[in-house]
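Next up: just one chain, as structure tokens, the form predicted alone.
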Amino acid sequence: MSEDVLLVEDKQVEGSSPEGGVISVWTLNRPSKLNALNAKSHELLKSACSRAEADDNIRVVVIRGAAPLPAPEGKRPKPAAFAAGADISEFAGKSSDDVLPFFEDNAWDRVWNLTKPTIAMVDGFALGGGTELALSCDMRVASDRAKFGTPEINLGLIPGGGGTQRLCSILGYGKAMEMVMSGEMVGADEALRLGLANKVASPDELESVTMALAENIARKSPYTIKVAKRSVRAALDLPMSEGILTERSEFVALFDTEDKEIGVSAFLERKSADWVGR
């Protein structure tokens, strides 16, 4: 990427098949602003999504925030942050007509609509748009100092990047209402209990725990992973009876794929599967 507000690094996955599989790690890189999302962040995230969708070698996307910069002498260091919301300076003086085009084509939806698995690696604050970015990912691995929150209510606003809807899907109606209306933060342990976080680790172990999960997924059949994501997502949009029919249709169709034969044979022969991705 030409700008440094988003750093993109592809990490090779040993043992992936087809060969060449990578985990694409995207680092929100505005540490002086606690990695707050601005217009440029959104543009680069959208570009990264387009690249990830088009590149068959990218098996999993991990999104993280840059670590705090060293504090100047005599100054208190900034806290860790995944993304401490939106850059509020960009809101001043804006009308609905000004912001509508941005929200009609935003990075949260682009991440949400990726067919590749996505994991948010959350260390420290994930607030407002930062929580919404984490919610746009399929999974969230948090450090034990992570804090999630939707404080937009304190600005006379509500979440606008899908937060009200995705929080309700994950947490249920009552807890989503509490977070949105109070603006209060949820710590890592409560996030784990509520299902907002999949795993919690110490800050020192956060990367290794996240990457272990990503590598596990990246070694599966990329085609079957795509079908699995599509099938689970159907549960969010369809009544259960229709969702079960969708799952059945996806399951049956996999019996016509090469990877199903490869996986079954590998299991019976007690060896690793060498997927072909179709």
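Please read these numbers as outputs of a predicted model, since none were measured by experiment. Throughout, we count residues from 1 along the sequence that is shown.
If you look for the form predicted in complex with a small molecule, you will not find it shown, but the lines that follow are about it.
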property	result
Position in contact with the small molecule when the complex is considered in the predicted complex, options 110, 175, 199, 78, heavy atoms within 4.5 Å	78
In the predicted complex, the one of 155, 100, 181, 71 near the small molecule [non-hydrogen atom within 4.5 angstroms]	155
Three-residue site 84, 87 and 128 fully in contact with the small molecule in the predicted complex at 4.5 Å by heavy atom	yes
is_contact(residue 216, the small molecule) in the predicted complex, heavy atom dist at most 4.5 Å	no
Contact flag, residue 49 vs the small molecule in the predicted complex, heavy atom cut 4.5 Å	no
Contact test in the predicted complex: residue 36 vs the small molecule, heavy atoms, 4.5 Å	yes
Proximity of residue 32 to the small molecule in the predicted complex, heavy atoms at 4.5 Å	yes
Stretch in contact in the predicted complex with the small molecule, which is absent here, among 188-196, 204-212, 87-95, 110-118 (heavy atoms within 4.5 Å)	87-95
